[in-house]
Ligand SMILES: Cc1ncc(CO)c(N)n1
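Shown next as structure tokens: one chain only, the form predicted on its own.
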């Protein structure tokens, strides 16, 4: 049974945004997408040069045609253009008792230029916002909405100001809001970067609910500009909710998807990049910057997991040595084992700093770690040395990606482990694996590359399960 979602938005003939983008995102999330077009536009990567509005009654007719035939519980709205079409969307939400409505406001540009009439804004705030499960405004739209609702203006100097802005919107009637800080780069301390000559660190999303706020930072990509990021985020949230993912995780996964689509964007036309909507990606349970929310007892579980995964990788490197046909390849595998040995010696010392003795966990490997070892063994039998090497990659990648971004300039309980992850020995683990792969890369045919990508995706999925089980386990893994 397919999950389903309907998008009510404008058409982008160039395929980069609007209805076309929404449907691509739905498909990427295995959601069956339907659409009701509110306007036909003439646009491309450079800009919009024409808009033809669809009459409101025909928008209603499109929604009725879909909803009367296919069961659908989730609606995503985009550009609704005028009060008549907005009123249709509101009536359809009520007619079909839709409880999950994702609203991309599209009322202003990122520079704060209003795109709708005041009468539209009044109706939007009074009728659509109370029916929305979540709003996905950019920072300018969030500011305009708050000003219109409460006459209050909040200047943004730090991510905490964004949280206050979101909290005010929730207090004013929005159920949930994720604010996209478009065009605002943040420094490592999450203050707004004021010096344009200095490299920025973060692009920030802030989820605000009645239960609190969640900051989801992503790497600032100063060289990447693409159309459709707003559509990608809101449609991905709608798709995840249609797949019965809870809201916080739906947001995290959607941010990860949007970031990956932007990182993988490509240049087709003469203007903005085109997002890679169909690119496969893996969501990591630890977000950049989020590790500080772990308790020490949870980190202990993770330390134990890391020990056993290091052992898994050492055993896998031994398998590659056994399967190799020349001394040079065997030597590379032996180097990987030696690097892991050195890293593990340091890791055991780190464990002691967190109150863990080797006797507690060395001989007690969790069952899900054995499952990953079995996966690597199966890959080795089917795909040989390269398959094993790719299957080994995710764990050091996850460690390096998450923990090396953390700041240890201030005292904190996680600093010893963060420093360890920044250490050259830890980096050597990943680098030695990559060196091994690079030595073989020039001889690979496209079909072999696709097979290796599938192995990487499967291994990432298993790593995610291991991390999730580790933290969800109410007892211990040792």
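Positions refer to the first chain, counted from 1. Since this is a predicted model, take the numbers as computed values, not measurements.
This protein has a second form, the form predicted together with this ligand, left out of what is shown; the following refers to that one.
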| note | As a check of understanding, the residue in 178, 379, 316, 106 with any heavy atom within 4.5 Å of this ligand in the predicted complex should be identified as 106
| note | Partner-free chain; cross-checking this ligand in the predicted complex, the single residue of 231, 142, 75, 392 with a heavy atom within 4.5 Å is 231
| Is residue 336 a contact residue for this ligand in the predicted complex, using a 4.5 Å heavy atom cut-off? | no
| message | Does any part of residue 62 reach within 4.5 Å of this ligand in the predicted complex? Heavy atoms only, please. | response | no
| task | Check whether residue 79 has any heavy atom within 4.5 Å of a heavy atom of this ligand in the predicted complex, and answer yes or no. | result | yes
| Contact test in the predicted complex: residue 45 vs this ligand, heavy atoms, 4.5 Å | no
| said: Just to confirm the contact call: exactly one of 446 to 454, 66 to 74, 53 to 61, 36 to 44 touches this ligand in the predicted complex at a 4.5 Å heavy atom cutoff, so which is it? | reply: 36 to 44
| Which of the residues spanning 5 to 31 lie within 4.5 Å of this ligand in the predicted complex, based on heavy atoms? | 10, 11, 12, 17, 18
